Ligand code: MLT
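Below you will find one chain, with nothing else, as structure tokens; this is the form predicted on its own, and questions on how it binds or moves follow later.
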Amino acid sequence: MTSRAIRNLATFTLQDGGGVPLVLLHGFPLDHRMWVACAEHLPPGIRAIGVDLPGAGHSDLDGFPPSIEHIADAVYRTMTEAGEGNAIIVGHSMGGYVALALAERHPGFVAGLGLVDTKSTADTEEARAKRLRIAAAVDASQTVDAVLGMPANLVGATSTEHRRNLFPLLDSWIRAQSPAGVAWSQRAMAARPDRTAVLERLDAPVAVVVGAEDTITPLAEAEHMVRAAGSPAGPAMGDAALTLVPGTGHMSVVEDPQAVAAALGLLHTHVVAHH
């Protein structure tokens, strides 16, 4: 058996500041750039670090089999080796799956959890089969053509009508990804378990954010996570807060970065108070 070392991931300081940082984990098939506009709207003084997950952006795959758990360990290792004692982990979509895995595997590191347009449940058999089909198609073509149609589903109806500029932006981000990374990520997501119980056990503030027009991880999934994490009237200044972002779909982070930044700023405040 060959031993492989977990490689550190590429990280980017999106806003300078002090104290406990926000660590921003991107969705699929994107990279840290999806968080840039949101970070610009954060309250000043909050440190924000964008991470490219394995096989995305500037982070290479490191030979490990596809798994969300491996991504979580790679994020944890990257952050602790950079000297971070703890962090508020914020994940969008696939990044949310990673955030939940990180909270499960390294709970002491997670000072707070931000779950944006994501879910704690596992894939249905149908969704899992579709992911594996797409991974196979990407492998066969050695292109990302199989996922180029995604922006039409990622943004909401309001953005489709009024934010047409997002389409070329999302398209350019997707085209920049490696086929190997796209296929690996699909297989990692397909294999993930239900992590609702992680939210039930977590002793840290949780913020759940969802676009009102999100059809991929809709409001019902967000409400499921809030219920699991505890009621908004809970002890830690609201152990679970739900923010519904009007006029946005699954990409609320880029459709209305200001609204998402406000929710994350509030989460940061709750974490500081909780500590």
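All residue numbers are counted from 1 along the displayed sequence. Predicted model, so just to flag it, every value in this text is computed and none were measured.
The protein also exists as the form predicted together with the ligand; that form is not presented, and the subsequent description refers to it.
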Query raised in the report: When the site C-alphas are superposed and the ligand is set in place as seen in the predicted bound form, is this chain open or blocked (3 or more ligand atoms within 2.4 angstroms of backbone or C-beta)?
Result: open
**Report entry** Location of the ligand contact in the predicted bound form, chosen stretch of 71-79, 165-173, 87-95, 138-146 [non-hydrogen atom, 4.5 Å]
**Finding:** 87-95
Query - Heavy atom distance at most 4.5 Å to the ligand in the predicted bound form, all of 204, 266 and 275 - result: no
Query raised in the report: Does residue 128 make contact with the ligand in the predicted bound form, using a 4.5 Å heavy atom cut-off?
Result: no
Report task. Classify residue 189 as contacting or not contacting the ligand in the predicted bound form by the rule of any non-hydrogen atom within 4.5 angstroms, answering yes or no. Result -> yes
Query raised in the report: Might residue 36 be said to contact the ligand in the predicted bound form, defining contact as any heavy atom within 4.5 Å?
Result: no
Requested in this report: Tell me, yes or no, whether residue 241 is in contact with the ligand in the predicted bound form, where a contact means a heavy atom of each within 4.5 Å.
Outcome: no
Report summary line: When the ligand is considered in the predicted bound form, the residues of 9-36 having a heavy atom within 4.5 Å of it are 27, 28
